[in-house]
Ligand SMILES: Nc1ncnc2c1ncn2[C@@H]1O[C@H](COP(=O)(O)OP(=O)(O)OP(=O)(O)O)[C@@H](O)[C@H]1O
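Let's start with one chain on its own, the form predicted alone, as structure tokens.
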């Protein structure tokens, strides 16, 4: 086993910090004795000094690591150029996978900003993002479409918007994430207006024209009225907005009036 031992020694040598994903207390205590340790998980059960809350159990390890690294850098637990060793359980609860990354290997995606400290439940944000991504991949009846989803602070969003047509969700109690409801969202996306979704995922309305003033909202050149409305409504409320662009097919997210996430559905 000498060759394997040498390989593992080289893998962890001179690392600046160890990331433990949802560890047990004994694992954390053992590691924290000798290493700078950051815990990433849904709860800080081990009472780690450096902790990044994981609002969702990302199934893909790369997504988990990306989120943990962005959160750790954002909160000052590690430097942007830190060398990191990550221990995670992929096949079970116990750590069975080790990987080494540099914090700056990940181009900042905005995923941490999108999920952390948002008013809406993380699972709701994830469900809406997945609807937008799937629409971006498949379009509507083979044609590219645009869509705007405003998530959270629904009462205030409704007060800053007006109906463009009959609201098909007015007397319903359906929630995003239900497969049938997601099909409805995709079908209605080809019509004008924004979807308004509550903190808990209830679909409050479709066909809403957002009316906040766009004065002072700064969005990248080339983005149109849908993106401007997304920036303005998130500046004036505690909502986030997820936009699928009809012209370039990218999905973008806005929070507090700023563009925080841009991704290509085909690469997601």
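In this text, all values refer to a predicted model and were calculated from it rather than measured experimentally. Residue numbers count along the first chain shown, from 1.
Another form, the form predicted together with the named molecule, is not on view; read the next lines as being about it.
- In the predicted bound form, the named molecule lies within 4.5 Å of some heavy atom of residue 208.
- In the predicted bound form, at least one heavy atom of residue 193 sits within 4.5 Å of a heavy atom of the named molecule.
- Contact between residue 46 and the named molecule in the predicted bound form is not found at the 4.5 Å heavy atom cutoff.
- Mapping the unseen interface onto this chain, residue 52 falls outside it, with no heavy atom inside 4.5 Å of the named molecule in the predicted bound form.
- Heavy atoms within 4.5 Å of the named molecule in the predicted bound form are found in one stretch of 180-188, 193-201, 80-88, 127-135, which is 193-201.
- This chain appears without its partner; in the predicted bound form, the one residue of 32, 223, 65, 217 with a heavy atom within 4.5 Å of the named molecule is 223.
- Residues of 222-252 lying near the named molecule in the predicted bound form, listed in sequence order, are 223, 224, 225, 226, 227, 229, 244, 245, 246, 247, the criterion being any heavy atom within 4.5 Å.
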